[in-house]
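Single chain ahead, by itself, as structure tokens, in the form predicted on its own.
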């Protein structure tokens, strides 16, 4: 049985108290809200904080405010279940409701938060194992070792982004509000991520993610599809988020973002640009889907083979675009026996 190591739990009553506690304890501290990823990682000794600053009781971080006309502000502490079930989110930004509803299992979505999924750790077959397993192979660069076992000649870690909601939020041009010891700032969500399996977030050590801000819906349609082996619990092996702004039947703007194929959510910019000014015909969709597979460069570090995951990228982009165009899409999740 894997057990949690000893730690001190700090339960601040306000956001200001949480910021102060995080700053006071420095590198020894980590934030915890739902804990659905943090606690298993602590049991495997991948994270070793001696202090946890709890965010669960902060009402300032919870709830959904706004409308499709004005945009939504979602507290980072809002559970994934609440995001998936929110009628305004489901109506105006269905891709986000879908992605939140596909994270892990119903029980963990009731605990896990949107902010936690936005910041969730990167994953790799050589890293997400027990301490004893990792020690037996000499550890890896991401924790306790000095070699990336996926690409031994590489100077960097290639663990992949494992968030379902991150590629969707990037495709929706969301912004993040971060509060730290020196005040607050709002950044595009894309600026949060680095293409590095270890230092994958640009959040400052003393900052807390407080809100996810969505712009006005304003004619945008969106879809999200996820590849995983089982129908529940599994992290994405591939995530495809597509957002298209239509005027009549003509595309005026578009974004296609791929998840779980790199250490960061990866936009397929050439593919999205090929949609602009065009009508969503089957021929255009097939061409754009082929272009979108270009930035998809998975390595052999998660489930399924990387050539298969690259091939499914093309299939999923086509399905998402067909669904948005009303041509008939695919299921939101692909289950493979």
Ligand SMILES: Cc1cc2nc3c(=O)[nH]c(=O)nc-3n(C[C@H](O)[C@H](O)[C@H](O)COP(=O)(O)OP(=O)(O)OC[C@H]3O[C@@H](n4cnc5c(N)ncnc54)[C@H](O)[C@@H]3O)c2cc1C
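What you see is a predicted model, and the numbers here were worked out from it, not measured in a lab. Positions refer to the first chain, counted from 1.
Omitted here: the form predicted together with this ligand. The next part is about that form.
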{"property": "Partner-facing stretch of 84-92, 158-166, 182-190, 215-223, counted where any non-hydrogen atom is within 4.5 angstroms of this ligand in the predicted complex", "result": "158-166"}
{"property": "Residue 30, heavy atom within 4.5 angstroms of this ligand in the predicted complex", "result": "yes"}
{"property": "Touches this ligand in the predicted complex: residue 120 (any heavy atom, 4.5 Å)", "result": "yes"}
{"property": "Touches this ligand in the predicted complex: residue 98 (any heavy atom, 4.5 Å)", "result": "no"}
{"property": "Contact flag, residue 104 vs this ligand in the predicted complex, heavy atom cut 4.5 Å", "result": "yes"}
{"property": "This ligand in the predicted complex: contacted by all of 40, 76 and 233, heavy atom 4.5 Å", "result": "yes"}
{"property": "Proximity to this ligand in the predicted complex, single hit among 266, 203, 175, 245 (heavy atom within 4.5 Å)", "result": "203"}
{"property": "Any residue of 90-118 that, in the predicted complex, places a heavy atom within 4.5 Å of this ligand", "result": "102, 103, 104, 108, 111, 112, 113, 115, 116, 117"}
